[in-house]
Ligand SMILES: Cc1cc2nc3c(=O)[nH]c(=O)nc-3n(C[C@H](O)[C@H](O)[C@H](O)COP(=O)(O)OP(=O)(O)OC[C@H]3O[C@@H](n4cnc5c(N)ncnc54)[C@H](O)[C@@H]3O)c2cc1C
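Read the single chain below, which is given as structure tokens and is the form predicted on its own.
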């Protein structure tokens, strides 16, 4: 008898207990019993773990992600704030230079807020909330070995725990395992065709060091400081200062091929001073470093177009970074992970988890937030030398010029900034950039002059020393 014909509660297995897996479990717990399969032993508290090697670098959750977080786990943002996280007003609490080297004015008229904290703190809060859900079980130290089923339907997951192999039967298996996802090989192993993929890799390297917040900066809610790389001037180099909990700053520096930062502590501050603007180096020159420098080169944009497959097995879906992983500089991975989970939940509220074709609908729904973030990332990174097999098309170049103009307009007009942030925050589609809120200021003004320097106040500068 098929599962849909019984009275039992549906079952789901989620691969991975990082953010995408936790969000997926939260979404599925409303209609199914969920088992999360995680290969690591998870820490209790805000501690690092092996499965999230990029956790030491700067992370942001855009306002579209904040909304999605609280939709899936009501009040979770308040939990982060209670442990020292911050909601940072965009652009009021930010000092930001755009890729076209325009400084944003610190307008306060928009509603947009970034959630800012260490990744270890965020993951800890998310784990605690999901662990408390009645219908969710986490199997730690358990490795996913492969899918059970065939090209028509996946019926479970083959796993190993401490060397003991077992099969977990499930009505729906979700792959939320991130960049290292094995779904392409697993699906081919079921007899399905190879999934089309695309890579746009600007060759970005990241170097991050933790600092004690200098001077009296912890007393005044010091702004986030961001100098973005300019794709028109390769190698692109940039950096960010992220004030986080416990009076600490995460400082992440980045550079593309030929201009990468290193893990040499004697070169870190010099690199920061050599950026297109030296503000980050100036702010950290007297700060106390805490620990060593962490580096990574796993920053390429990689997308798998599962939603385009004509044949897709029932009982299986792929979410988050396992569909598309982005250059972390854009800060969209966490937001997309939550929005993918919401897309799954919304479909399953009106469609049986075991109904034929449900999994294909889930995959197509999850592709929508993925595509929005992908277009934003690739729209910048594709212009770096060697980033893709083919150069940007004439249409992509035209759109890039329009986006540059939209950024320049938003940098000095609060109405246009609101439209720009709606898109950058993944709250609204890119068509929002063609609304009157953007086009009228772009075409007619009035326009304030661009700022000649980083808009730090005198009080903020003084607080550093």
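Numbering follows the first chain given and starts at 1. Remember, it's a predicted structure, so these values are computed and weren't measured experimentally.
FYI, the form predicted in complex with this ligand isn't displayed, but the following is about it.
Residues within 4.5 angstroms of this ligand in the model of the complex, judged by any non-hydrogen atom, belong to 175 to 183 and to none of the other stretches in 87 to 95, 362 to 370, 175 to 183, 384 to 392. For the three marked residues, 26, 67 and 73, no heavy atom of any sits within 4.5 Å of this ligand in the model of the complex. Using a 4.5 angstroms limit between non-hydrogen atoms, residue 333 touches this ligand in the model of the complex. In the model of the complex, this ligand sits within 4.5 Å of a heavy atom belonging to residue 206. A residue is said to contact a partner when one of its heavy atoms sits within 4.5 Å of a partner heavy atom; residue 33 fails this definition for this ligand in the model of the complex, lying far away. Under a 4.5 angstroms non-hydrogen atom cutoff, this ligand in the model of the complex lacks residue 239 among its neighbouring residues.
Residue in contact with this ligand in the model of the complex (any heavy atom within 4.5 Å), chosen from 195, 296, 248, 354: 296. In terms of contact with this ligand in the model of the complex, the residue from 49, 415, 432, 412 that brings a heavy atom within 4.5 Å is 49. Contacts of stretch 46 to 77 with this ligand in the model of the complex, defined by any heavy atom lying within 4.5 Å, are made by 49, 51, 52, 54, 57, 58, 59, 60, listed in sequence order.
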